[in-house]
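Shown below, as structure tokens, is a lone chain in the form predicted on its own; questions about how it binds or moves come after it.
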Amino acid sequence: MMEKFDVVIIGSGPGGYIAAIRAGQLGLKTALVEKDKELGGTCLNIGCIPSKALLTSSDHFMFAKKEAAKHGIMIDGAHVDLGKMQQRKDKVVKTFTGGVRALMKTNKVTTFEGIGTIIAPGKVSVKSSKGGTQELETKNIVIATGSAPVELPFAKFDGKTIVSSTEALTFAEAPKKLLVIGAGAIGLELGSVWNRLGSEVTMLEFLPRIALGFDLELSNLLQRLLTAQGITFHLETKVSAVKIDNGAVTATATKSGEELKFKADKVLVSVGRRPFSEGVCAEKIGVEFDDRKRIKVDKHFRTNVEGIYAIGDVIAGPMLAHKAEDEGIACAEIIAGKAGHVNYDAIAGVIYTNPELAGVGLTEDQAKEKGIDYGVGKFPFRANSRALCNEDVDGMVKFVADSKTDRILGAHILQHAASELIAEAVSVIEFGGSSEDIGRTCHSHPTLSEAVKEAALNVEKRALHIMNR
């Protein structure tokens, strides 16, 4: 007998499992289908969570090695037990995935392990790893199958020498020389991890800048700081070949018309991610895709096929876990007959290097391209008392505001705690607030958040702790 549900969600990443929780809260009979043994998708198992665990551990090591002495803490012979570091990372992941499974039970979501295939509107087939198949009948289907790393045709992943982010999270030892192709968030974060743990890291980027999509001024400053930490950057460098010989790898690239050779022990290819919808068979029942193989949806996440929705990395927009989560909530609410909405102007992006780079809304360049009359307010952390106490003065806060209305159009932060500090700007943007709203809000002293206030004040050149010109 075919089991019946109100909604079947395919994929248990941040979009899928959050959609399942919200659907369960709303009283919908919900099923969650996941092809892997553990719930949580790429983010929890081989992406956001394990990478942040390694970033934190490696950052602690760098503090012990290079910064502790400045605080009068003398640590002689600090060294890394990489096995133990990896074990800690795995424990963090296991705790989180176990928590997700517990949440499914709490919210009465039925989980199915196997590959979910849409065989018709309202029908999903689940083929388990053990070979068995069962069919689910449902009023609504949500595709939340996420994304996968983009593979270069001349540098196919072999899992050992030419690797994706998945394998770069599990190295048993730091490679002597690590070559990273692509200087976006993933490349910068994993390049930072292995640079801190002893690898000689070289990053090759096709574009004339790192961290595309983030504020250019802050991205350039981040590049200078990471260079000072020991990472080598080659921008406007086009890689054309990657060859493996006796376990060693050589990449051939062109820069300013000159052919360059780069030798390494391992190559991390981090040139982006692509929507992952293979195996779902959405195209076989007429679901439409765009030219980038993303599923087309309307503002209510509905595809062109009645009763089929899509969220997260398989649709247009930034491939961010929190964007997928918000879409999962909104989609579940829409299916339940409520009003669900996502404000795409208030979704921050973060690169978790040290310092972290965070941004929300428009950059200066984007405001310029749109022909908006805007003002800018900046404040450096070197003038912030808490940053000075922390011996952590690199970076700044920058606001972009509409010159006529003072409404905040964008906020950009480079600082060790940028991922947390950006939340205030996101909240104010969500409520349509102005730079004066932040500038007139009392911030605790001494805190890093005072730099956010000062930058907001400085949109009108009213910062209190720097000279205003």
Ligand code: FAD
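Quick caveat, the model's predicted, so the values are computed rather than measured. Counting begins at 1, following the sequence as shown.
What comes next is about the form predicted in complex with this ligand, which is not displayed.
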>> Using a 4.5 Å heavy atom cut-off, which of 374-382, 71-79, 138-146, 258-266 contacts this ligand in the predicted complex?
In response: 138-146
> Among the candidate residues 363, 165, 202, 195, which is the single one with a non-hydrogen atom no more than 4.5 Å from this ligand in the predicted complex?
Replying inline: 165
>> Counting any non-hydrogen atom inside 4.5 Å, which residue from 29, 407, 443, 52 sits next to this ligand in the predicted complex?
In response: 52
> Is there a non-hydrogen atom of residue 116 within 4.5 angstroms of a non-hydrogen atom of this ligand in the predicted complex?
Replying inline: yes
> Is the gap between residue 47 and this ligand in the predicted complex 4.5 Å or less for some heavy atom pair?
Replying inline: yes
> Is there a non-hydrogen atom of residue 426 within 4.5 angstroms of a non-hydrogen atom of this ligand in the predicted complex?
Replying inline: no
>> Taking any heavy atom pair closer than or equal to 4.5 Å as contact, tell me whether residue 10 reaches this ligand in the predicted complex.
In response: yes
> For this chain shown on its own, do 222, 367 and 416 all sit within 4.5 Å of this ligand in the predicted complex, going by heavy atoms?
Replying inline: no
